[in-house]
Structures are given as structure tokens and as C-alpha cells.
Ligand code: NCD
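Quick setup: one chain, the form predicted alone, written in C-alpha cells, and binding and motion questions come after.
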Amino acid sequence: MPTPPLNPHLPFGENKNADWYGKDILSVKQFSRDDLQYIFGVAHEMRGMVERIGTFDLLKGKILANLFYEPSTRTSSSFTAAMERLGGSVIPISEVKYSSVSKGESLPDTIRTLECYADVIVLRHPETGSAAIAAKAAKKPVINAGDGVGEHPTQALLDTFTIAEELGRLDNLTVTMLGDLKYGRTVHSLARLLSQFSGIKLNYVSPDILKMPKEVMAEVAEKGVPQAEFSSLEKVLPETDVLYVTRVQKERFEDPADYEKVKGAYVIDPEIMKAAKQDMIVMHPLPRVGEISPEFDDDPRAAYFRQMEYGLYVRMAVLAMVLGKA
């Protein structure tokens, strides 16, 4: 029996929010389809509130600690904006090299210190599994904003919300992921999250040395989702409903020569996109470094900057949920 369609516009209620109050958000594996329906309902309400009012006092008196061990523009700014739109305050820690961490302080000690000042901690860290270590040390909620090449759960939530808002459905879609699928934590999380839905087909297009990890593919296969790997985009582009483009991440390569071999493997431009459907979308977690031509930006199918805006509403929803104010 097919799963019922997900309606991202359902109103949100007390009981479901109680499931998330005080909880950590570390992995997309935490979310059921019902959870997604609830989160997207809250996010849609947040969008309406921002459009009507701008800022409001839902989280007045609450404090977020933004702890970033890696450079970030979008995720850090998005969480800051989300907290401030909700009336809360932010402790920004983006230059970790100038903090006590540079003196040798452990991650658990840093977390225990920050929770003395804050009600929720958002953590970006270069090591896979670091968010779980932080959550074990903390009594306050920890939100994983990216742990190495592991996961980026709120990015996957905003990506999935983007698809729902742009295409009106999350079932019966062909999603093609393009570029760095080995180190791209965003595609790891998104593939896992999309496997919740019926009629999903996933295509992976990448250079041979940047293929989707086998463990991710194995998890998705357990849900019965068809998957296929390609080295060229041309064959799968005409059937694609969502083209998810990632940059080749220079900072993840130990050998610069390997990066140079693959950095310009794929470029999305208006000429290539002539072969794509008119009712599809192109997404990218950003930043881009040449894999999408700016000449494509004005195409209605270019959803990547709208995707960033959807991220604000999703992160507002997540903060309200874990702080018991949704």
C-alpha cells in the first residue's frame, strides 16, 4: 500500500512537540515520516510569521551557543538569524583558534562550559561522531551542524522541505545527486531522509574517486529504494525531478593532485539544462565554486537561493521544538 502524501502545511500541535523538547538532533535517522510532516508544518508556519511580522518573541530569554570549529557562512548565519527572528540571543563562537580550545581544552569540557550560559548548542566540527560526543557531555540540547564527512541533519531537513515546497510532493520523484558524493555530508543525509518516501529513485553521478559511500547506499537499499551510479549526467538528466549539485571540496583532499583531477568534472549551465524537464528544480547546499554557471541563476528551475531561505524557516522550527516553544 502506498504511503499517504505528505502535507507540509498541516498545523502543529502540543503532543508531537513534546517528543522533541530537550532532545538532541544528531542524525536524520531520528526522523520518521510523521516527524517530517510535523517539522515541515512548523516550518511553514514560521515562514508565514516571518512574512507577516518579521520577528517575534517566541524564544525571548533563550540563548543559543553557535560553536563552529570549521568555517561557515550559511549554516552559522542561518541559525543566528533563526534564533534572533524568534526573539532569542546568540553567543557566536566561530574563531575557535582564539578560544580555550586552542589551549587544549577537550570538546566535552567546552560543551559543559557553554551550556552554563546557553539553552541550546549548535555544533560544527571536522570529526565524524563529534556531535554524539558533545551530546553525551551535555544536559542541554545539541544540534549537529555538520560533523566531518558524517551527517548534516538540518541541511537534509531544509533540502527535503525545499523539495516539498517547490514541487508539492515528496513521493514519486527521481533525484539525481551530482559531484562530490564521497565527502559531501549533505548528500549522505539527504539520501537517507528521502528513503522514507515511496516511489523515490536515486541517481548518483560522480567521478570514480568521489562515489557515494557503500554504507550509505546499503542503508538506502534496505528501504527498497532503487539506486544507480553514473559517471555522466547526460543519460539521467531528462528523467530528473531534482538535480542536487555539490561542489568538489578541496579541503577534504589529502592529495592536491587528486582535487585538480576532478574539480571541474561537471558544470551546470543553460546549454546542458536544455535537456532537463521544465518542471524540475536544481539545488545546491552552497557555496559553489564553478559547478553551476551564474548564467543559470535566472532560470526558474534554479532553486538554490530559495533553498537557503527555506533553511531559515526549518531551523526556526527546530529551535522552537527542542526548546519546547513550537
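Model, not experiment: these values are computed from the prediction. Numbering starts at 1 and follows the sequence shown.
The same protein also has a form predicted together with this ligand, omitted here; what follows describes it.
Fill in: Heavy atom within 4.5 Å of this ligand in the model of the complex - residue from 287, 61, 300, 48
Of the candidates 287, 61, 300, 48, 287 is the one lying within 4.5 Å of this ligand in the model of the complex.
Item to complete: Could you work out which of 223, 74, 211, 112 is the residue within 4.5 angstroms of this ligand in the model of the complex, going by heavy atoms?
Response: Answer to the contact question: 74.
Worksheet item: Within 4.5 Å of this ligand in the model of the complex, do we find a heavy atom from each of 188, 203 and 227?
Response: Verified in the model of the complex; spot residues all out of contact, no.
Worksheet item: Among 113-121, 84-92, 230-238, 148-156, which stretch has residues whose heavy atoms lie within 4.5 Å of this ligand in the model of the complex?
Response: Contact criterion met by 148-156 only.
Discussion item. When the contact criterion is heavy atoms within 4.5 Å, does residue 247 count as touching this ligand in the model of the complex?
Written reply: Contact check for residue 247: yes, within 4.5 Å of this ligand in the model of the complex.
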